[in-house]
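So this first bit is one chain, no partners, the form predicted alone, shown in structure tokens.
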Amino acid sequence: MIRPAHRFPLLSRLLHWTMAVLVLAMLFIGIGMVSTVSSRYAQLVAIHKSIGIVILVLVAIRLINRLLNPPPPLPADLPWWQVVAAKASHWVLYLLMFALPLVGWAMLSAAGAPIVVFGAVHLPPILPHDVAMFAVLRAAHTVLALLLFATFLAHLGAALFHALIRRDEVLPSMV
């Protein structure tokens, strides 16, 4: 394995991989949740809400960490458009990881549903009960989730490109 000259700090790497697992789990739980009519629906919703709040907290920590610990530089020979795409996709990922839990929370608030996470913590509603707003937010939550999945796949594809094709220090810097 290439020993990277510049490496992300340990906290950055732990947050990255923890959130990668959580986001991927959320996407699949969300798909399973809206696709099922089984008795496990309520359990999936409870897990989905709890992980969503964990992601919201972790992305806030991660943003602070990123400001305090900027990422290592990208390879100097990377074409300008790939540098722009890399930076833009990272900020899109941050935006989506922050927006999705907030939209989900707002959606449940508009539905008048209790917002209980980890089976015990009751979060306050952030919007008044409004069925029409619930419908808009539910559609927005779905679109944002699909956009997150597409961005996640693009991010994974870029990581594999750096590891298998370019064989540069980008992936090793995060491993």
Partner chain sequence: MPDDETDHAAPDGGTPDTATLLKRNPLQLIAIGVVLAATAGAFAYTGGFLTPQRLSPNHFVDAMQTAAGGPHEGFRRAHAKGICVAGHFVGTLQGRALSSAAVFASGQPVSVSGRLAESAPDPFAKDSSEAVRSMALRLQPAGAPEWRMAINDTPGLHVSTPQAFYDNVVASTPDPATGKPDPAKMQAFLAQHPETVAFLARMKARVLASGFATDSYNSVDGFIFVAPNGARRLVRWTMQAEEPFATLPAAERAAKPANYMFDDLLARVAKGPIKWRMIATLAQPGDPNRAAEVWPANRTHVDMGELTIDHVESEATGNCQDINFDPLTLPPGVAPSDDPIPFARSAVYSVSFRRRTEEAKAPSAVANKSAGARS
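On a predicted model such as this, the values are computed, not experimentally measured, just so you know. Positions refer to the first chain, counted from 1.
Beyond what is shown, the protein has a form predicted together with the partner chain; the following relates to that form.
Interface membership of residue 86, defined by any non-hydrogen atom within 4.5 Å of the partner chain in the predicted complex, is ruled out. Interface membership of residue 112, defined by any non-hydrogen atom within 4.5 Å of the partner chain in the predicted complex, is confirmed. When contacts are judged by a 4.5 Å heavy atom cut-off, residue 32 counts as touching the partner chain in the predicted complex. Residue 164 belongs to the set of residues with a heavy atom inside 4.5 Å of the partner chain in the predicted complex. In the predicted complex, the residues of 126 to 164 lying within 4.5 Å of the partner chain by at least one heavy atom are, in order, 129, 131, 134, 135, 138, 139, 142, 146, 149, 152, 153, 156, 157, 160, 161, 164.
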